[in-house]
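Read the single chain below, which is given as structure tokens and is the form predicted alone.
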């Protein structure tokens, strides 16, 4: 595909949905589906940044996912523990910065938090793009934490309440990232599930029926073609398009 002829979103968000159903339809365990989903993420990440996307945010594990069975949660925690460092090394070689959005306390094990901190440290100087993994994440939690930090800075007279504006709030999120332009949820589910709600306020939404382990480079390119066809108006009207 000639990417110079299509619109490339600056910030893409992907809700990684359908790993379990992908596995069950193939007679596999849900855990095997999660393993395949992570393998696909590592391959897909490289392609996404090659298209010209600058920021990729993925919903890997929500705060609510801890309600799943102990077996599934334990498998995912072990997967993250064993794969995050490998993923960070791969991204560093490609000059991609790795950051994590989400709570860094219980119930996440300290060993995983230490790995997360190390991954961010070893890629902090990378400049070709930003890979944001939302882990132990919920948008409501993010907003609450942002308001707490903002309140503390107001109390410490870093600025006044009258200085607060919409753009300032981005700086108080888990990561200071730009708004999401294009939000994809795989598997055909039509929900946002508490994913980066503030950042996705004006995002174009896309809900392919493909389960995430099968959402490969070809599927992502199809998504880009759909994004290119959209008329982003941010609440206004493109009169030239309307009149044609």
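All figures in this text were calculated on a predicted structure; none of them were measured in a lab. Residue numbers count along the first chain shown, from 1.
Same protein, other form: the form predicted in complex with a small molecule, not shown, and the subject of what follows.
Visitor: By the heavy atom within 4.5 Å rule, which residue out of 81, 72, 86, 145 makes contact with the small molecule in the predicted complex?
Guide: So the residue touching the small molecule in the predicted complex, by this definition, is 72.
Visitor: Please tell me which of 191, 209, 43, 26 lies within 4.5 Å of the small molecule in the predicted complex, judged by heavy atoms.
Guide: After the contact test, the surviving option is 191.
Visitor: According to a 4.5 angstroms non-hydrogen atom cut-off, is residue 60 in contact with the small molecule in the predicted complex?
Guide: Heavy-atom contact with the small molecule at 4.5 Å: present for residue 60.
Visitor: Would residue 50 count as a contact of the small molecule in the predicted complex, using a 4.5 angstroms cut-off between non-hydrogen atoms?
Guide: No - in the predicted complex, heavy atoms of residue 50 and the small molecule never come within 4.5 Å of each other.
Visitor: How about residue 54 - does it come within 4.5 Å of the small molecule in the predicted complex, if we only consider non-hydrogen atoms?
Guide: It does not: once the small molecule is placed as it appears in the predicted complex, residue 54 has no heavy atom within 4.5 Å of it.
Visitor: Closest heavy atom of residue 9 to the small molecule in the predicted complex, within 4.5 Å or not?
Guide: No - in the predicted complex, heavy atoms of residue 9 and the small molecule never come within 4.5 Å of each other.
Visitor: Choose one stretch from 123 to 131, 92 to 100, 108 to 116, 72 to 80: the one whose residues place a heavy atom within 4.5 angstroms of the small molecule in the predicted complex.
Guide: Flagged stretch: 72 to 80.
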